[in-house]
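Taking the form predicted alone, here's one chain by itself in structure tokens.
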Amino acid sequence: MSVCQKTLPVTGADTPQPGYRVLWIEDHELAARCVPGMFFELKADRRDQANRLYKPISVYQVREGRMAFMVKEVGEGSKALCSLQPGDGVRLIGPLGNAFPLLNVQNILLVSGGVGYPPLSFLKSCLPPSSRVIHLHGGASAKDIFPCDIVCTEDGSAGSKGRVTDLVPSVIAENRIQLVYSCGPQPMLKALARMVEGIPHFVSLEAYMACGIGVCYGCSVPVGNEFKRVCKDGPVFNAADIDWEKL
């Protein structure tokens, strides 16, 4: 599948929580190629961003030829993206990466932390309607929480107080979970992989990406007896294949 590089206008923008921005971009051909797990490299089409690196942003939603991307304001690049208004331009490269396998099982658990929410939200909308899907999401505070089934915050300002992994054992036991999908910070994913060992588990890894197309090898992670690139070989991996101790 070919990778496109384009500059397109923002067709819609909203702020779901302070510090977050959802950008909508219309391109029917690109939208038709997006599946849960894929991402794009994005940056604002502004003169002051010309020499800055692109930011890898997961596809959040796809609707009628439009793609949505949820961006968290962290540094200068993401701040520029979050400042965009309808009509402003976005430079994008993609779609990039592989996808979550869509398996038809009865009880599925999605576990996301922080900015790991968007790809799992997209995934939930694409899973078989016959499956019972529970989305467990955690964040530092209520400002990091978005629509899901079970909420956990570190400061207790929304849902249960604590880390998202604190709730996983009871959710699995009470709901006879047969399959787990996850995305979030590496410490969360590492802990989760231990907890759900023995249950099929597919994880989307977050990594610093300088190029996003597999050239620089800056996002390599230990998988089996070799290193694989999160941008080119992932970002979705079978959790059982990752050497979590070396990560």
Partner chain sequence: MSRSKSKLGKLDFDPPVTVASGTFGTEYFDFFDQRWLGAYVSKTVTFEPKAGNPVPRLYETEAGLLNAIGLQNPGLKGFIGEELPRLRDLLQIPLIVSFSGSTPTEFCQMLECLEKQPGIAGYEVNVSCPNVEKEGLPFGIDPDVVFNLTRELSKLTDKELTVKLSPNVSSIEQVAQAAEAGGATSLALINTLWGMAVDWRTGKSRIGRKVCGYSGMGVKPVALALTYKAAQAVKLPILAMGGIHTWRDALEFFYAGASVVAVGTAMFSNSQAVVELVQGLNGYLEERNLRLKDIIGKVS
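Fair warning: this is a prediction, and the values are worked out from it, not measured in the lab. Numbering follows the first chain given and starts at 1.
Beyond the structure shown, there is the form predicted together with the partner chain, which is absent from this document and is the topic of what follows.
If the criterion is a non-hydrogen atom within 4.5 angstroms, does every one of 3, 209 and 232 touch the partner chain in the predicted bound form?
Yes, each of 3, 209 and 232 comes within 4.5 Å of the partner chain in the predicted bound form.
When the contact criterion is heavy atoms within 4.5 Å, does residue 91 count as touching the partner chain in the predicted bound form?
Result yes; residue 91 sits at the interface with the partner chain in the predicted bound form.
Answer with yes or no whether residue 218 is in contact with the partner chain in the predicted bound form, where contact means some heavy atom within 4.5 Å.
Although the partner chain is absent here, residue 218 would touch it in the predicted bound form, with heavy atoms inside 4.5 Å.
Can you tell me if residue 52 lies within 4.5 angstroms of the partner chain in the predicted bound form, counting non-hydrogen atoms only?
Yes, residue 52 is a contact residue.
Close approach of residue 247 to the partner chain in the predicted bound form, 4.5 Å, heavy atom
Looking in the predicted bound form, residue contacts with the partner chain include residue 247, since a heavy atom lies within 4.5 Å.
Please pick, from 199, 213, 35, 195, the one residue with any non-hydrogen atom lying within 4.5 angstroms of the partner chain in the predicted bound form.
So the residue touching the partner chain in the predicted bound form, by this definition, is 213.
Contact stretch among 44 to 52, 23 to 31, 175 to 183, 63 to 71 - heavy atom within 4.5 Å of the partner chain in the predicted bound form:
Stretch 44 to 52 is the one.
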